[in-house]
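Read on for two forms of one protein chain; each stands alone as structure tokens, with the labels structure 1 and structure 2.
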Structure 1
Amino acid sequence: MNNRKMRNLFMIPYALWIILFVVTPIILVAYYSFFDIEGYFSFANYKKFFTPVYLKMTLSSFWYAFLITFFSLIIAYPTALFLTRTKHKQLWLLLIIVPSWINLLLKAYAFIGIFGKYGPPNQFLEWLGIGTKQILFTDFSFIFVSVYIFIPFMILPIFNALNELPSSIMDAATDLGASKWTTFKRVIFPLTIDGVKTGCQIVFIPALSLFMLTRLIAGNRVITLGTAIEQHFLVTQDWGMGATIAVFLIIFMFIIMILTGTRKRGV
């Protein structure tokens, strides 16, 4: 009984944190979504969201989030697999994670210089005789920088899943005559799918609401739901529409969390 009371006592700060910084903001966002730009209660914002402009923006957000997640996974899985087989894997993992500690704005401005007219890529093209190209403010630069930023968050859960695999399982597959590709396809990947799901969740959800990179790297050529929310709150001052987009974004995020969530199976 004393242990239960002690456990409940320790739950109070956690419960207060969830109520104040998770539940309350969501309720406030949902509340403001029912008011138009003039402050009157209305369902107009929800009707407006289902117009072609916002539906196209939603599809665009999902498409770019999918591309960022896909390329992150394609690069992260082999990297994580390689790291688990190196001698100083924890050191290499730390070197991959360290860049994520740098402020996002600083990294964005660094890439503005790299992809700019006088950056290394354009200097290399000049050396080849091709001439300078518009690299900055393109879909390529936006996806490249986004993947660079999110890759550590994809590598970490996959690395943990791979690192927990007992070597005896791979040895057993080899003893049974399985090739390296068959071992990966039938044994390694299925057993690390939870790490892949976690990595995709960690990358896809924030990629769906990117707004800073769309302005600095893509030059507003890429418009996402995050960009629209920023515009409505800071430029047009239409808080109701911005809150409505945020409500749908929260719903999309919950759906993604459910789809990519892991379920513990009883033995």
Structure 2
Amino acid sequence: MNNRKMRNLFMIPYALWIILFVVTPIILVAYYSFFDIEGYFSFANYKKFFTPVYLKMTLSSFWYAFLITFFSLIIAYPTALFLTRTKHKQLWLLLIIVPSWINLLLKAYAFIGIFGKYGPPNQFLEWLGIGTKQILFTDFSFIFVSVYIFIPFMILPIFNALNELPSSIMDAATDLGASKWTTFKRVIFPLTIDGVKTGCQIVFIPALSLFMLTRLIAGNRVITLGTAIEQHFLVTQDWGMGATIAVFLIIFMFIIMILTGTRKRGV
């Protein structure tokens, strides 16, 4: 009895949080999506979402998110694998995570300088004789910076998955005659697939909704779902349309979570 009373006491602030900041906001977003800019109830926003402009934007948003996730994975997996084989792996891991603790905005800002007209890459191109190119405000710079920002989040879950593998498993595979590549393909990768899934989930969902980078690095060339939401809420004040896009983003989020299996973030 006593136990239950105490548990209820614990529960109160936490339950309030769930109700006020988890459930209510979702309901409110869904509710607002049914109001047009004049404040009348309508399905106009949903109709608008299925026009080519918004569908194209959604598709391109997915395409960019996919590219960002793909490149992050390609770069992060070997990093995680090599990290598990270093001597002081926990220290190295910490060093990998440290940049992710530096304010995101500062890193984005750094790339404005780096990719600028007189930044190091352009100076290098100049030296090669190719001449200065426009790097900032291109798809390349957007994807590069995004990948740069997301890489630690991809490395961490994969590293954890690799780190949990008992070394005897690798020995067993080798013992049974598997080559290095076969061992990787048949044993290591399948066993770390959960880490990969978690990493993809952690990267893909935010990548869908980036808006700060699109403004600073992509110079409004790239419009993601996130940019659109921000635009509607803070610039055009069309909360209804913004909420509608948010509803779709939430739906996509749940689909991705189901596809990749709900796992906690390994931070």
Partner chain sequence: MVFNMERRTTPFAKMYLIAIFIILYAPIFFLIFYSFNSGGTMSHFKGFTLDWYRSLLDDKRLLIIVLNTFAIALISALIATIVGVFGALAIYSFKKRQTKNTVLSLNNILIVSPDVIMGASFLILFTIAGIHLGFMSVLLSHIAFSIPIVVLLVLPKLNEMQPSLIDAAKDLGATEWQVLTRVIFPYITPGIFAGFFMALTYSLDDFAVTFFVTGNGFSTLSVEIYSLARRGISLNINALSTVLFLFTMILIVIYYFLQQRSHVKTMGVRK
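We call the rigid core the largest set of C-alpha positions that still match within 1.5 Å between the two forms. The shown structure was predicted, so the numbers you read here are calculated from the model rather than taken from an experiment. Start at 1 and count along the sequence of structure 1; that gives the residue numbers used here.
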Which block is the form predicted together with the partner chain? Structure 2
Would Ile251 count as moving between structures 1 and 2, using a Cα shift of 2 angstroms or more after superposing the core as the test?
no
Hey, core superposed, how many Å does Ala15 shift at the CA between structures 1 and 2?
2.8
